[in-house]
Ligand SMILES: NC(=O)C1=CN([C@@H]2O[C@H](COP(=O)(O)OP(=O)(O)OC[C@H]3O[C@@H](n4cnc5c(N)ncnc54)[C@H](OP(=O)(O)O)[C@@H]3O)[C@@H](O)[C@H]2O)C=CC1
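Presented as structure tokens, the chain that follows is alone, the form predicted on its own.
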């Protein structure tokens, strides 16, 4: 913590998520101060923070952890490990937005246990994780998530490219993937952070089932979750407005991370 007692926050990535979050923190959030940012293009990073009231340091991705108590990852999945490993090695609080990138790297959790780091997964574009976590304290029969996105929000996903699936010309909804959350995270790294968060909250990535639809009839990224558990049956749907900067990301995602960060310092915290 800094001298004023606020948590120092560093952000890796300044796109649709990180840029929004950086501006919000610079505007003033009680108990939090933005101390460092990083992006693959440092010139663009400097442009992004031009005019900030309290400009943070612009540092290489691997150096974020030296400047902060909390490291937020809001970067392309390709650099996830660079940011995560440095934060965990230094025992920081690590807040990933690319939750799908965490599933194939569960060794990071063991490493965090060794260093005293904490990994806090924000709710992101999802809802009901509190209820899923509560239900998962008892027996759970099944957890499924159906994701429907405008086709351009799925374009370029590795699974689609590998299987020659074209989504941009769709005139009707098409199921483009059905499988577990682990395989979904591998095939759609920019699209299934919601499924990954759901899997981690509930019964794990092997048992969490995912359907991904390209749907030209929707303008919002729509997720429907169904949970059958001993304690409750949950059915939840959320329709997220895609951000202008990146149609794969919902506008609610940076707001969710901000809410998560507030929860680290707030006197009253609502929700598990």
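This one's a predicted model, so the numbers in the text were calculated from it and none came from an experiment. Residue numbers count along the first chain shown, from 1.
The form predicted in complex with this ligand is left out here; the points below concern that form.
Chemist: Would you please decide whether residue 39 lies within 4.5 angstroms of this ligand in the predicted complex, comparing each non-hydrogen atom pair?
Modeler: Flag for residue 39 set to yes.
Chemist: Can you tell me whether residue 209 touches this ligand? I mean in the predicted complex, with a 4.5 angstroms heavy atom cut-off.
Modeler: Judged by the heavy-atom cut-off of 4.5 Å, residue 209 is well away from this ligand in the predicted complex.
Chemist: Tell me, yes or no, whether residue 61 is in contact with this ligand in the predicted complex, where a contact means a heavy atom of each within 4.5 Å.
Modeler: Looking in the predicted complex, residue contacts with this ligand include residue 61, since a heavy atom lies within 4.5 Å.
Chemist: Within a 4.5 Å heavy atom cut-off, is residue 77 in contact with this ligand in the predicted complex?
Modeler: Taking the distances in the predicted complex, the answer for residue 77 is yes, it comes within 4.5 Å of this ligand.
Chemist: Any idea which of 168-176, 105-113, 186-194, 135-143 reaches within 4.5 Å of this ligand in the predicted complex, heavy atoms considered?
Modeler: Among the listed stretches, the partner-contacting one is 186-194.
Chemist: From first to last in sequence, which residues of 11-36 have any non-hydrogen atom within 4.5 angstroms of this ligand in the predicted complex?
Modeler: 13, 14, 15, 16, 17, 18 sit within 4.5 Å of the partner.
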